[in-house]
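First, one chain by itself: the form predicted alone, in structure tokens.
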Amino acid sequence: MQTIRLTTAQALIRFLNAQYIHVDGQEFPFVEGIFTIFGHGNVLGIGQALEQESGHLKVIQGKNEQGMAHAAIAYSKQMLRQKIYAVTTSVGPGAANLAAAAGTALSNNIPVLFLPGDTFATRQPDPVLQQIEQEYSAAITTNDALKPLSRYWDRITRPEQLMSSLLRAFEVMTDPAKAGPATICIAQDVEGEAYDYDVAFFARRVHYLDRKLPTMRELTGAAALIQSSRKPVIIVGGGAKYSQARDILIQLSEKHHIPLVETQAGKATVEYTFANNLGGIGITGTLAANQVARQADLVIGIGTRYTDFATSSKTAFDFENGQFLNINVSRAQAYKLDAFQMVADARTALEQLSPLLEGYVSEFGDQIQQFKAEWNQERDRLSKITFQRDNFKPEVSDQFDQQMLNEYADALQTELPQTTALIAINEVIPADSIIIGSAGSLPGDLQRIWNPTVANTYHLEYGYSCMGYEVSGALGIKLAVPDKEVYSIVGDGSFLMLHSELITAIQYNHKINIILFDNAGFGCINNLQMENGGDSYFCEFRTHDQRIMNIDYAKVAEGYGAKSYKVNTIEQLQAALKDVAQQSNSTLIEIKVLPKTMTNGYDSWWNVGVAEVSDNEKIHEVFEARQHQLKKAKQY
């Protein structure tokens, strides 16, 4: 056996350079690069190894561990999970900052490699700087917090352990059914410890992303269900997008007259201009999509997890008279809602199912186009809302009265509704631009009224809806598609939560565009609060003397080095967007918008915890209404 003497960290970097993935006949490196914030625990080990021999890996210096991890996650998501960035941090707080990002990757089934530093394997100098101590075990470190948030987790306390650990991590990350974050914590003394590694371990290794084929039993069973249905509907989930199932979805929908509805992860797998695409389903869905869902006697879920937002807390469908057919690479996901299971790759399954559906046509008739036309009229109304100081009905929260709206209009110096601004952006920016969102009221508006005309231009993180993903993720998307314009659609609450990677984008000249909707508060949660009987309580951004805060976000971005704009009319917004397209540097458009002017629910319900006992009669009424809805919801 031929060996080479390397430190554990040097062996890690050499291994990462040798990992390739094979997808549909194409072969390319799986690890594009590594995000890092160096500190004790990784700078002298992984840092030294990268400085000595980084290979093809692109090294990017992040500004916040959570932020750079979100950038890595967005990169992998935009690359349809076929390429990744690794992320390395110091021990202690640096590693702890990965927790929110790890949850984001796990919830969305996105492969990413986390490499946090750890304390000493020898324990000789314990407790070291930033080391936590637990009385029940000396083996516990900050990194144990990442165990439930990782698809694969390991701690390296000997150099030779690295080999088996890396092989297992890459097996998980390159398996579509298990894809998620892999965390390998390396003790800081072990990072620098040398070992005689087998040279063969560093040979080019190819991971095959083979498409799982359906069985004949699955195909004939699925075909029988569809052939016997009268009004089937297809839910396009994230798995359909990762499988690149656009063409076969269009073919089946057209030929058999089956409407398509979308989850947040599946949106823009098929562009909205396709006649049978009725848009988002569920709590943040369109009225058209929710109407066909209620009529469906067969729900065909393709690559979806059936979250509460997609199912309207399990009230979106006719569970008593309808059936479910699930196509998913994950057996656990395919089992949901008592469905007939087809455990297979989405595109391959649909292509093999197609010949078995010959002659079938649904009974929807002209209803699909009727529902879509009615929804397009509603969207047109939302695009033309104008504020009136003496007689204006907000889209949400009737309790938010005219006086409060006028107060916001004066404080923010704007009369611009959120839906009007968002649709204007949709109409102005280049059609092949990529938009990204994650949290607040904007994801609901985006799923309902953002109409992609080019496939795979819609990037929403709604598996975890992690505030702060929007700006960080924009950088990751730009790394994935450097020739496209990337727009982060973000609320002021999320921007304040985390926007540090805007600086990284400027530092490395990766242009991203931030469109910041400022309504001076956590507007989405304020809606939830008030629509469920409560008053507006600690969700608005007010000063100690109760004045509405008017923060100059444009000046913040300008201070970082971005080109910034302040707009509060549609004309100013359109002009700013046109100028943004001419810029080579990162930009930020600050839009002051009125609260309560986002879209509301359309034939949907969200099951949230409401106080059973309250001295507020409105809350009591909401609780009683919730009990009524629960009786209609499927219980498992």
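Start at 1 and count along the sequence shown; that's the residue number. Values in this document were obtained by computation on a predicted structure and should not be read as measured data.
Not on display, but discussed next: the form predicted in complex with a small molecule.
Note on contacts: among V299, A222, A439, A288, the single residue with a heavy atom within 4.5 Å of the small molecule in the predicted complex is A439.
When you look in the predicted complex, the only residue of Y197, Y462, Y75, F114 with a non-hydrogen atom within 4.5 Å of the small molecule is Y462.
Residue contact with the small molecule in the predicted complex: A554 places no heavy atom within 4.5 Å of it. Contact check for M163: every heavy atom lies farther than 4.5 Å from the small molecule in the predicted complex. The small molecule is not shown here, and in the predicted complex it never comes within 4.5 Å of any heavy atom of A121. Taking the partner from the other structure, the small molecule in the predicted complex has no heavy atom within 4.5 Å of any heavy atom of I385. The candidate stretches are 223 to 231, 122 to 130, 521 to 529, 397 to 405, and the one lying within 4.5 Å of the small molecule in the predicted complex by heavy atoms is 521 to 529.
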